[in-house]
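To begin, one chain is listed below as C-alpha coordinates, in the form predicted on its own.
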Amino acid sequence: MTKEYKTIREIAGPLIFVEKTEPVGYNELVNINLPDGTTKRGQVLDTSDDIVVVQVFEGTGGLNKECGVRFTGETIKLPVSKDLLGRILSGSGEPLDGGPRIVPEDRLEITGAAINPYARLPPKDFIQTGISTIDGMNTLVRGQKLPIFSGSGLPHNEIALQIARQSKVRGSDEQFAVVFAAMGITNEEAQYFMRDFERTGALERAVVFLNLADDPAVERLITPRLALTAAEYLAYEHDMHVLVILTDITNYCEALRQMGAAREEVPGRRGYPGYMYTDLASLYERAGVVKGRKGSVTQFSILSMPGDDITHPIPDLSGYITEGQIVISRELHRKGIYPPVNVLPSLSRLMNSGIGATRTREDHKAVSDQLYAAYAEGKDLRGLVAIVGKDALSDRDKKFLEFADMFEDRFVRQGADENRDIETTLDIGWELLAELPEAQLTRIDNKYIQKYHPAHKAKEEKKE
(Lines give C-alpha, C1' and ligand atoms only; values in the text may rest on other atoms or scores of the structure.)
Protein backbone atom coordinates (compact mmCIF):
# COMPACT_ATOMS: atom_id res chain seq x y z
CA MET A 1 0.00 0.00 0.00
CA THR A 2 1.47 3.39 -0.98
CA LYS A 3 1.77 6.20 1.53
CA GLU A 4 -0.80 8.99 1.58
CA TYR A 5 0.58 12.52 1.94
CA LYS A 6 -1.43 15.39 3.40
CA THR A 7 1.26 17.94 2.62
CA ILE A 8 -0.32 20.02 -0.16
CA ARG A 9 1.33 23.43 0.15
CA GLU A 10 -0.39 25.28 -2.68
CA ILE A 11 -3.11 24.87 -5.32
CA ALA A 12 -2.61 27.01 -8.45
CA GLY A 13 -4.84 26.59 -11.51
CA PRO A 14 -4.62 22.93 -12.60
CA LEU A 15 -1.54 22.31 -10.40
CA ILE A 16 -0.98 21.23 -6.82
CA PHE A 17 2.36 21.50 -4.99
CA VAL A 18 3.13 18.66 -2.55
CA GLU A 19 5.92 18.84 0.06
CA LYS A 20 8.20 16.26 1.74
CA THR A 21 7.52 13.19 -0.35
CA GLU A 22 9.52 10.06 -1.06
CA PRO A 23 11.42 10.07 -4.40
CA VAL A 24 8.84 10.03 -7.23
CA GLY A 25 9.24 9.66 -10.99
CA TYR A 26 8.47 12.15 -13.76
CA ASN A 27 5.02 11.55 -15.34
CA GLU A 28 4.05 9.22 -12.46
CA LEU A 29 0.29 8.78 -11.90
CA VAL A 30 -1.20 10.30 -8.74
CA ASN A 31 -4.49 9.67 -6.93
CA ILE A 32 -5.88 12.60 -4.93
CA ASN A 33 -8.46 11.61 -2.30
CA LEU A 34 -11.01 14.32 -1.46
CA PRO A 35 -12.68 14.62 1.97
CA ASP A 36 -16.04 13.52 0.43
CA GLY A 37 -14.55 10.16 -0.58
CA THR A 38 -14.14 10.90 -4.31
CA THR A 39 -10.80 10.54 -6.09
CA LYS A 40 -9.20 12.71 -8.76
CA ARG A 41 -6.29 11.66 -10.95
CA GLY A 42 -3.14 13.60 -11.67
CA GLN A 43 0.33 13.27 -13.11
CA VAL A 44 3.73 14.36 -11.80
CA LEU A 45 4.89 17.33 -13.84
CA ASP A 46 7.98 18.31 -11.90
CA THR A 47 9.91 16.72 -9.07
CA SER A 48 12.68 18.01 -6.79
CA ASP A 49 14.05 17.34 -3.30
CA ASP A 50 11.45 19.53 -1.59
CA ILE A 51 8.41 19.91 -3.87
CA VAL A 52 6.50 17.71 -6.30
CA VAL A 53 4.28 19.51 -8.84
CA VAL A 54 1.19 17.51 -9.86
CA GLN A 55 -1.15 18.42 -12.73
CA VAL A 56 -4.73 17.36 -11.98
CA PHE A 57 -6.69 15.91 -14.90
CA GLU A 58 -10.21 16.64 -13.65
CA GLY A 59 -9.37 20.20 -12.54
CA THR A 60 -8.63 21.38 -9.01
CA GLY A 61 -12.19 22.46 -8.10
CA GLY A 62 -13.12 21.10 -4.66
CA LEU A 63 -9.50 20.42 -3.62
CA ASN A 64 -8.08 21.80 -0.39
CA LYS A 65 -4.92 21.31 1.69
CA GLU A 66 -6.55 18.46 3.65
CA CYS A 67 -6.75 16.18 0.59
CA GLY A 68 -4.61 13.04 0.61
CA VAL A 69 -2.12 12.42 -2.22
CA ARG A 70 -0.92 8.93 -3.21
CA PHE A 71 1.83 8.29 -5.79
CA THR A 72 1.09 5.06 -7.68
CA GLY A 73 4.57 4.37 -9.06
CA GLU A 74 3.08 3.94 -12.60
CA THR A 75 2.88 6.21 -15.64
CA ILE A 76 -0.29 6.63 -17.73
CA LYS A 77 -1.05 3.50 -19.75
CA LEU A 78 -3.68 2.81 -22.39
CA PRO A 79 -5.49 -0.55 -22.22
CA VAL A 80 -5.29 -1.88 -25.79
CA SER A 81 -6.91 -4.68 -27.75
CA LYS A 82 -8.40 -5.08 -31.22
CA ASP A 83 -11.76 -4.22 -29.59
CA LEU A 84 -10.68 -0.56 -29.70
CA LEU A 85 -11.98 -0.49 -33.30
CA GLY A 86 -15.52 0.86 -33.45
CA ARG A 87 -15.25 2.64 -30.09
CA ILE A 88 -15.70 6.31 -29.13
CA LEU A 89 -13.60 7.26 -26.09
CA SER A 90 -13.02 10.42 -24.09
CA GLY A 91 -9.77 12.38 -24.25
CA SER A 92 -8.53 10.33 -21.28
CA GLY A 93 -9.54 6.96 -22.79
CA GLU A 94 -12.88 6.40 -20.98
CA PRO A 95 -15.83 5.04 -23.06
CA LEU A 96 -18.27 7.73 -24.30
CA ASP A 97 -20.41 5.45 -26.46
CA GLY A 98 -22.20 3.63 -23.61
CA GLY A 99 -20.16 0.48 -24.26
CA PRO A 100 -18.13 -1.48 -21.72
CA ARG A 101 -14.55 -0.67 -20.78
CA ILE A 102 -11.88 -2.15 -23.06
CA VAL A 103 -10.76 -5.62 -21.91
CA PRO A 104 -7.04 -5.18 -22.49
CA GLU A 105 -4.68 -7.56 -24.25
CA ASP A 106 -1.93 -5.24 -23.04
CA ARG A 107 -1.40 -1.91 -21.30
CA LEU A 108 0.97 0.42 -23.14
CA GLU A 109 2.70 3.57 -21.94
CA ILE A 110 1.34 6.55 -23.85
CA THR A 111 4.57 8.54 -24.02
CA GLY A 112 5.86 6.27 -26.80
CA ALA A 113 8.94 7.26 -28.75
CA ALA A 114 9.89 8.68 -32.12
CA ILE A 115 10.86 5.98 -34.61
CA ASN A 116 14.60 5.38 -34.78
CA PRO A 117 15.79 6.88 -38.12
CA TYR A 118 17.77 3.69 -38.87
CA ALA A 119 14.61 1.57 -38.43
CA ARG A 120 12.52 3.71 -40.79
CA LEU A 121 11.69 2.60 -44.32
CA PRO A 122 11.28 5.34 -46.93
CA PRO A 123 7.51 5.89 -47.49
CA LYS A 124 6.40 4.91 -51.00
CA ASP A 125 2.82 3.54 -51.06
CA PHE A 126 0.10 5.86 -52.37
CA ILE A 127 -2.93 6.47 -50.13
CA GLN A 128 -6.04 7.47 -52.05
CA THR A 129 -8.17 9.99 -50.13
CA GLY A 130 -10.70 10.50 -52.93
CA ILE A 131 -10.02 14.27 -52.89
CA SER A 132 -8.52 15.48 -56.20
CA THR A 133 -6.48 18.38 -54.81
CA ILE A 134 -4.71 15.97 -52.43
CA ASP A 135 -4.45 12.83 -54.59
CA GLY A 136 -3.60 14.65 -57.81
CA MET A 137 -1.46 17.56 -56.64
CA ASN A 138 -0.24 16.85 -53.07
CA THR A 139 -0.24 13.08 -52.82
CA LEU A 140 -0.32 11.42 -49.41
CA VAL A 141 2.08 8.49 -48.98
CA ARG A 142 1.87 5.71 -46.41
CA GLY A 143 3.96 6.61 -43.35
CA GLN A 144 3.91 10.35 -44.11
CA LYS A 145 2.99 13.17 -41.72
CA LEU A 146 1.08 15.84 -43.65
CA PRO A 147 -0.64 18.68 -41.76
CA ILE A 148 -3.66 20.66 -42.95
CA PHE A 149 -3.22 24.41 -42.34
CA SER A 150 -6.66 25.95 -41.91
CA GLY A 151 -8.30 28.97 -40.28
CA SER A 152 -11.21 29.56 -37.93
CA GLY A 153 -14.57 29.02 -39.60
CA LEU A 154 -13.14 27.01 -42.52
CA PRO A 155 -14.43 23.46 -43.16
CA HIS A 156 -11.36 21.54 -41.95
CA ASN A 157 -13.51 19.23 -39.81
CA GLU A 158 -15.60 18.25 -42.85
CA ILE A 159 -12.43 17.59 -44.86
CA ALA A 160 -10.99 15.51 -41.98
CA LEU A 161 -14.15 13.39 -41.86
CA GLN A 162 -14.16 12.94 -45.64
CA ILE A 163 -10.53 11.75 -45.51
CA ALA A 164 -11.40 9.41 -42.61
CA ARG A 165 -14.31 7.91 -44.59
CA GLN A 166 -12.65 7.56 -47.98
CA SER A 167 -8.96 6.81 -47.41
CA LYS A 168 -7.63 3.49 -48.66
CA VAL A 169 -4.52 1.89 -50.07
CA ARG A 170 -5.25 0.97 -53.70
CA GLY A 171 -4.83 -2.54 -54.99
CA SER A 172 -4.40 -3.89 -51.49
CA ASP A 173 -6.60 -6.05 -49.29
CA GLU A 174 -4.52 -5.15 -46.23
CA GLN A 175 -6.43 -3.95 -43.20
CA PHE A 176 -6.82 -0.18 -43.02
CA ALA A 177 -7.91 1.68 -39.86
CA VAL A 178 -8.43 5.29 -38.82
CA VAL A 179 -7.61 6.75 -35.39
CA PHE A 180 -9.39 10.09 -34.99
CA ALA A 181 -8.46 12.36 -32.06
CA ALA A 182 -10.27 15.67 -31.52
CA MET A 183 -8.88 18.13 -28.95
CA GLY A 184 -10.70 21.07 -27.42
CA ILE A 185 -13.80 20.71 -29.59
CA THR A 186 -17.30 21.92 -28.63
CA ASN A 187 -20.12 19.55 -27.70
CA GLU A 188 -21.80 20.44 -30.99
CA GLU A 189 -18.71 19.40 -32.97
CA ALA A 190 -18.42 16.19 -30.94
CA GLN A 191 -22.03 15.26 -31.77
CA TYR A 192 -21.37 16.07 -35.45
CA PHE A 193 -18.28 13.81 -35.51
CA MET A 194 -20.07 10.91 -33.79
CA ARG A 195 -23.14 11.17 -36.05
CA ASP A 196 -21.01 11.26 -39.18
CA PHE A 197 -18.91 8.23 -38.17
CA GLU A 198 -22.07 6.25 -37.35
CA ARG A 199 -24.03 7.43 -40.44
CA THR A 200 -21.36 6.41 -42.92
CA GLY A 201 -20.27 3.19 -41.22
CA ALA A 202 -16.70 4.53 -40.96
CA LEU A 203 -16.80 3.83 -37.20
CA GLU A 204 -16.38 0.09 -37.84
CA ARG A 205 -12.72 0.62 -38.76
CA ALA A 206 -12.09 3.65 -36.53
CA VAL A 207 -11.05 4.49 -32.97
CA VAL A 208 -12.30 7.94 -31.90
CA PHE A 209 -10.94 10.02 -28.99
CA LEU A 210 -12.90 13.18 -28.11
CA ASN A 211 -11.54 15.82 -25.74
CA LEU A 212 -14.15 18.54 -25.31
CA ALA A 213 -13.60 22.27 -24.81
CA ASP A 214 -14.95 22.08 -21.25
CA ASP A 215 -12.63 19.18 -20.34
CA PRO A 216 -9.47 20.16 -18.43
CA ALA A 217 -6.64 21.55 -20.58
CA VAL A 218 -4.31 18.98 -19.00
CA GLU A 219 -6.31 16.15 -20.60
CA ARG A 220 -5.72 17.78 -23.98
CA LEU A 221 -2.02 17.02 -23.63
CA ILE A 222 -2.57 13.27 -23.28
CA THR A 223 -5.33 12.84 -25.95
CA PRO A 224 -2.99 12.76 -29.01
CA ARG A 225 -0.61 10.44 -27.14
CA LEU A 226 -3.44 8.02 -26.38
CA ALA A 227 -4.45 8.13 -30.06
CA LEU A 228 -0.90 7.50 -31.30
CA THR A 229 -0.42 4.65 -28.82
CA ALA A 230 -3.64 3.01 -30.12
CA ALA A 231 -2.41 3.55 -33.71
CA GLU A 232 1.02 2.03 -33.01
CA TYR A 233 -0.59 -0.99 -31.35
CA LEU A 234 -2.91 -1.64 -34.32
CA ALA A 235 -0.07 -1.05 -36.81
CA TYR A 236 2.76 -3.00 -35.23
CA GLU A 237 0.88 -5.74 -33.33
CA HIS A 238 -1.98 -6.36 -35.81
CA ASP A 239 -0.25 -5.39 -39.11
CA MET A 240 -2.84 -2.71 -39.92
CA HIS A 241 -2.21 0.45 -41.93
CA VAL A 242 -3.42 3.25 -39.70
CA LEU A 243 -4.27 6.83 -40.63
CA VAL A 244 -4.17 9.13 -37.57
CA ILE A 245 -6.16 12.38 -37.81
CA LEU A 246 -5.42 14.92 -35.05
CA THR A 247 -7.65 18.01 -34.85
CA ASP A 248 -6.97 20.71 -33.71
CA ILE A 249 -3.23 20.96 -32.93
CA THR A 250 -3.73 24.67 -32.13
CA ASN A 251 -5.93 23.71 -29.15
CA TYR A 252 -3.20 21.31 -28.02
CA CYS A 253 -0.57 24.09 -28.18
CA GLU A 254 -2.88 26.47 -26.27
CA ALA A 255 -3.06 23.83 -23.51
CA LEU A 256 0.76 23.66 -23.54
CA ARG A 257 0.90 27.43 -23.14
CA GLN A 258 -1.65 27.32 -20.32
CA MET A 259 0.36 24.68 -18.45
CA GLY A 260 3.57 26.68 -18.98
CA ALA A 261 1.92 29.78 -17.51
CA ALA A 262 0.65 27.79 -14.50
CA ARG A 263 4.20 26.54 -13.88
CA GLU A 264 5.52 30.12 -14.25
CA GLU A 265 7.92 29.08 -17.00
CA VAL A 266 9.78 31.71 -19.02
CA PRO A 267 7.68 32.00 -22.22
CA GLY A 268 9.04 31.77 -25.76
CA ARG A 269 7.54 33.18 -28.99
CA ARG A 270 4.05 34.65 -28.40
CA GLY A 271 3.90 33.13 -24.94
CA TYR A 272 4.26 29.52 -26.07
CA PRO A 273 6.82 27.37 -24.20
CA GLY A 274 10.33 27.30 -25.63
CA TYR A 275 10.12 23.49 -25.84
CA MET A 276 6.99 23.51 -28.07
CA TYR A 277 9.06 22.47 -31.13
CA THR A 278 10.37 19.39 -29.29
CA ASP A 279 6.93 18.61 -27.89
CA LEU A 280 5.26 18.73 -31.32
CA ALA A 281 8.07 16.62 -32.77
CA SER A 282 7.39 13.98 -30.10
CA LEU A 283 3.90 13.63 -31.66
CA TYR A 284 4.67 14.01 -35.36
CA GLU A 285 7.72 11.73 -35.37
CA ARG A 286 5.63 8.76 -34.22
CA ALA A 287 4.43 8.38 -37.83
CA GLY A 288 6.26 6.15 -40.28
CA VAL A 289 6.97 2.71 -41.70
CA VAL A 290 9.29 0.45 -39.67
CA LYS A 291 11.64 -2.16 -41.15
CA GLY A 292 10.42 -5.70 -40.58
CA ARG A 293 6.85 -4.62 -39.67
CA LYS A 294 3.90 -4.91 -42.05
CA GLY A 295 1.84 -2.10 -40.50
CA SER A 296 2.35 1.65 -40.79
CA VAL A 297 1.22 4.89 -39.12
CA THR A 298 0.34 7.88 -41.33
CA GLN A 299 -0.59 11.26 -39.84
CA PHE A 300 -2.93 14.04 -40.89
CA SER A 301 -2.77 16.77 -38.24
CA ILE A 302 -5.13 19.73 -38.62
CA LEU A 303 -4.23 23.11 -37.20
CA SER A 304 -6.15 26.36 -37.46
CA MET A 305 -3.75 29.26 -37.97
CA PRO A 306 -4.60 32.13 -35.59
CA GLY A 307 -5.47 35.14 -37.76
CA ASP A 308 -4.79 33.02 -40.89
CA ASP A 309 -1.09 33.73 -40.21
CA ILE A 310 1.08 30.99 -41.73
CA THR A 311 4.12 32.49 -39.92
CA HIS A 312 2.47 31.94 -36.50
CA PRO A 313 4.66 29.68 -34.28
CA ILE A 314 2.30 26.67 -34.50
CA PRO A 315 2.17 26.29 -38.34
CA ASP A 316 5.75 27.55 -38.57
CA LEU A 317 7.17 24.86 -36.27
CA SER A 318 4.85 22.17 -37.71
CA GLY A 319 6.15 22.97 -41.20
CA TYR A 320 9.72 22.28 -40.08
CA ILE A 321 8.89 18.86 -38.63
CA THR A 322 6.38 17.50 -41.15
CA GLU A 323 6.67 16.57 -44.84
CA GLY A 324 4.68 19.38 -46.43
CA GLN A 325 1.27 20.96 -45.80
CA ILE A 326 -2.23 21.22 -47.27
CA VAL A 327 -3.43 24.85 -47.11
CA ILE A 328 -7.15 25.64 -46.82
CA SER A 329 -8.07 28.90 -48.59
CA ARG A 330 -10.52 31.45 -47.19
CA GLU A 331 -10.83 32.99 -50.69
CA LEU A 332 -12.02 29.68 -52.22
CA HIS A 333 -14.35 29.13 -49.25
CA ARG A 334 -15.95 32.54 -49.86
CA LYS A 335 -16.57 31.49 -53.49
CA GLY A 336 -18.54 28.50 -52.17
CA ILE A 337 -15.96 25.96 -53.36
CA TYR A 338 -15.58 22.77 -51.29
CA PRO A 339 -13.02 21.50 -50.38
CA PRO A 340 -11.31 24.93 -50.50
CA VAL A 341 -7.75 23.59 -50.87
CA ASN A 342 -5.29 26.09 -52.33
CA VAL A 343 -2.86 23.92 -54.28
CA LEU A 344 -0.27 26.68 -54.84
CA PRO A 345 1.14 27.00 -51.28
CA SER A 346 0.35 23.34 -50.55
CA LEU A 347 3.12 20.78 -50.80
CA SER A 348 3.72 17.08 -50.26
CA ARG A 349 7.47 16.48 -50.06
CA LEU A 350 7.06 12.71 -50.46
CA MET A 351 4.70 12.90 -53.44
CA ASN A 352 7.27 11.75 -56.00
CA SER A 353 7.93 8.57 -53.97
CA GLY A 354 4.29 7.49 -54.11
CA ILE A 355 3.26 8.17 -57.71
CA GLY A 356 4.15 6.83 -61.14
CA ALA A 357 3.40 3.92 -63.43
CA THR A 358 3.27 1.15 -60.81
CA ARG A 359 1.54 3.15 -58.06
CA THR A 360 -0.87 5.65 -59.67
CA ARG A 361 -0.39 6.30 -63.40
CA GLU A 362 2.62 7.08 -65.58
CA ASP A 363 1.39 10.60 -66.48
CA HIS A 364 0.63 11.66 -62.88
CA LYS A 365 3.72 13.82 -62.26
CA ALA A 366 3.54 15.55 -65.63
CA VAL A 367 -0.19 16.33 -65.34
CA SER A 368 0.28 17.65 -61.79
CA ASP A 369 3.16 19.93 -62.83
CA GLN A 370 1.26 21.27 -65.85
CA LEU A 371 -1.93 21.93 -63.85
CA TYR A 372 0.09 23.72 -61.18
CA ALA A 373 1.93 25.93 -63.71
CA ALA A 374 -1.22 26.80 -65.67
CA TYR A 375 -3.25 27.59 -62.53
CA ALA A 376 -0.43 29.73 -61.10
CA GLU A 377 -0.27 31.74 -64.34
CA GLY A 378 -4.06 32.12 -64.42
CA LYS A 379 -4.10 33.43 -60.84
CA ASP A 380 -1.34 35.94 -61.61
CA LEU A 381 -3.37 37.20 -64.57
CA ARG A 382 -6.36 37.87 -62.27
CA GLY A 383 -4.21 40.47 -60.53
CA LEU A 384 -3.26 41.99 -63.88
CA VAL A 385 -6.92 42.12 -65.04
CA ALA A 386 -7.81 44.08 -61.90
CA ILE A 387 -5.38 46.78 -63.07
CA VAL A 388 -5.56 46.87 -66.91
CA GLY A 389 -8.88 45.12 -67.63
CA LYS A 390 -9.57 41.88 -69.50
CA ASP A 391 -9.57 43.51 -72.95
CA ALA A 392 -5.86 44.30 -72.65
CA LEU A 393 -4.97 40.60 -72.48
CA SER A 394 -3.75 38.53 -75.43
CA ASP A 395 -5.79 35.51 -76.58
CA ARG A 396 -3.22 33.23 -74.94
CA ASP A 397 -3.56 35.04 -71.60
CA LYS A 398 -7.35 34.90 -71.79
CA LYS A 399 -7.12 31.12 -72.14
CA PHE A 400 -5.04 30.87 -68.93
CA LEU A 401 -7.39 33.25 -67.12
CA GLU A 402 -10.36 31.03 -68.04
CA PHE A 403 -8.33 27.95 -67.09
CA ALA A 404 -7.94 29.20 -63.49
CA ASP A 405 -11.74 29.51 -63.13
CA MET A 406 -12.35 26.08 -64.69
CA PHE A 407 -9.67 24.50 -62.49
CA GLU A 408 -11.36 25.77 -59.32
CA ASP A 409 -14.83 24.84 -60.52
CA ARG A 410 -14.14 21.34 -61.87
CA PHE A 411 -10.91 20.05 -60.30
CA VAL A 412 -10.95 21.65 -56.83
CA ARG A 413 -14.71 21.60 -56.30
CA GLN A 414 -16.25 18.24 -55.44
CA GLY A 415 -19.02 16.89 -53.22
CA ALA A 416 -18.52 16.11 -49.53
CA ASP A 417 -19.39 12.46 -50.32
CA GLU A 418 -17.73 12.37 -53.75
CA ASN A 419 -14.95 9.78 -53.72
CA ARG A 420 -12.83 10.19 -56.86
CA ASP A 421 -10.31 7.52 -57.74
CA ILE A 422 -6.93 8.69 -59.07
CA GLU A 423 -7.84 7.87 -62.71
CA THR A 424 -10.92 10.14 -62.48
CA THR A 425 -8.80 12.92 -60.97
CA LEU A 426 -6.17 12.67 -63.74
CA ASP A 427 -8.84 12.46 -66.47
CA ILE A 428 -10.46 15.69 -65.16
CA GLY A 429 -6.97 17.22 -65.27
CA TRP A 430 -6.58 16.22 -68.92
CA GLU A 431 -10.05 17.62 -69.80
CA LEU A 432 -8.99 20.97 -68.35
CA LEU A 433 -5.59 20.93 -70.07
CA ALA A 434 -7.37 20.22 -73.39
CA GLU A 435 -8.81 23.76 -73.13
CA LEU A 436 -5.28 25.17 -73.53
CA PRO A 437 -3.37 25.23 -76.86
CA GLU A 438 -1.36 22.03 -77.17
CA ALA A 439 1.82 24.05 -77.72
CA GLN A 440 1.44 25.45 -74.16
CA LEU A 441 1.64 22.00 -72.53
CA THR A 442 5.39 22.37 -72.10
CA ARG A 443 5.69 20.27 -68.95
CA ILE A 444 4.20 17.10 -70.42
CA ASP A 445 6.13 14.61 -72.53
CA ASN A 446 4.68 14.25 -76.04
CA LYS A 447 4.11 10.49 -75.59
CA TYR A 448 1.66 11.23 -72.74
CA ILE A 449 -0.11 13.89 -74.85
CA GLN A 450 -0.55 11.33 -77.65
CA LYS A 451 -1.87 8.72 -75.19
CA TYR A 452 -4.08 10.71 -72.78
CA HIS A 453 -5.01 14.06 -74.39
CA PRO A 454 -8.78 13.94 -75.14
CA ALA A 455 -8.27 15.14 -78.75
CA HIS A 456 -5.80 12.31 -79.51
CA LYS A 457 -7.88 9.72 -77.62
CA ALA A 458 -10.90 10.68 -79.73
CA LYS A 459 -8.87 10.15 -82.94
CA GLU A 460 -7.71 6.71 -81.74
CA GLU A 461 -11.27 5.69 -80.94
CA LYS A 462 -12.44 6.77 -84.43
CA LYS A 463 -9.71 4.63 -86.04
CA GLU A 464 -10.87 1.62 -84.08
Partner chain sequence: MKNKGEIYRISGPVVIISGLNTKMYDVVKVGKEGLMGEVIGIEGEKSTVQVYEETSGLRPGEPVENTGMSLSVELGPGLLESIYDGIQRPLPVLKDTMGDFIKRGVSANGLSREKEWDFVPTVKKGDKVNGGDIIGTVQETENIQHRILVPPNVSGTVDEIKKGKYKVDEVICTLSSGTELMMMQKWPVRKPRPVSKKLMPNTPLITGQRILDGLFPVAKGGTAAIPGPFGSGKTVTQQQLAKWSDTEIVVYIGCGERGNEMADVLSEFPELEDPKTGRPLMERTVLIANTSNMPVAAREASVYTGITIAEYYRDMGYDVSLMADSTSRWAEAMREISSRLEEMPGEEGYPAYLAARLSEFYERSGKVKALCGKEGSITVIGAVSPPGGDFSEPVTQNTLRIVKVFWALDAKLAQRRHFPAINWLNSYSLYSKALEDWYKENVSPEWVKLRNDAMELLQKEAELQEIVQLVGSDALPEDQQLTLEIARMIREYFLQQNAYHEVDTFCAMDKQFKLLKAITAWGDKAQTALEGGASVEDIMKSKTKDDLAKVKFEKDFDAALGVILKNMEEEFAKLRGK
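Take the two forms, find the largest set of C-alpha atoms that superpose within 1.5 Å, and that set is the rigid core. Positions refer to the first chain, counted from 1. Owing to the predicted nature of the structure, the values given are computational and were not obtained by experimental measurement.
Beyond what is shown, the protein has a form predicted in complex with its partner chain; the following relates to that form.
Going by heavy atoms within 4.5 Å, which of 332-340, 249-257, 348-356, 177-185 lines up against its partner chain in the predicted bound form? It is the stretch 348-356.
Even though its partner chain is not shown here, does it sit in the predicted bound form so that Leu34, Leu96 and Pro224 each have a heavy atom within 4.5 Å? Spot residues vs its partner chain: no contact at all.
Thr75 versus its partner chain, in the predicted bound form: is there a non-hydrogen atom within 4.5 Å? Judged by the heavy-atom cut-off of 4.5 Å, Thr75 is in contact with its partner chain in the predicted bound form.
Is there any non-hydrogen atom of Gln450 lying within 4.5 Å of its partner chain in the predicted bound form? No, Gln450 sits far enough from its partner chain in the predicted bound form that none of its heavy atoms falls within 4.5 Å.
Quick one: is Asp316 in contact with its partner chain in the predicted bound form, heavy atoms, 4.5 Å cut-off? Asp316 belongs to the contact set for its partner chain.
Please tell me whether any heavy atom belonging to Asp380 falls inside 4.5 Å of a heavy atom of its partner chain, as the geometry stands in the predicted bound form. Although its partner chain is absent here, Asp380 would touch it in the predicted bound form, with heavy atoms inside 4.5 Å.
Between the options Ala262, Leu85, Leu212, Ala114, which residue brings a heavy atom to within 4.5 Å of its partner chain in the predicted bound form? If I apply the 4.5 Å criterion carefully, the residue I get is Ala114.
Contact residue in the predicted bound form, chosen from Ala202, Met194, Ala373, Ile110 - any heavy atom within 4.5 Å of its partner chain: Looking at the other structure, the residue within range turns out to be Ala373.
Could you pull out the residues of 198-213 that have any heavy atom within 4.5 Å of its partner chain in the predicted bound form? Contacts from 198-213: none.
Any CA movement of 2 Å or more for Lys447 between this form and the one not shown, core superposed? For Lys447, whose C-alpha is compared between this form and the one not shown after core superposition, the shift is 2 Å or more.
Indicate whether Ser394 shows a C-alpha shift of 2 Å or more between this form and the one not shown, with the rigid core used for the fit. Where the cores coincide, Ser394 still shows a C-alpha shift between this form and the one not shown that is 2 Å or more.
Would you say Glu66 moves its Cα by 2 Å or more between this form and the one not shown, aligning on the core? Shift of 2 Å or more: no.
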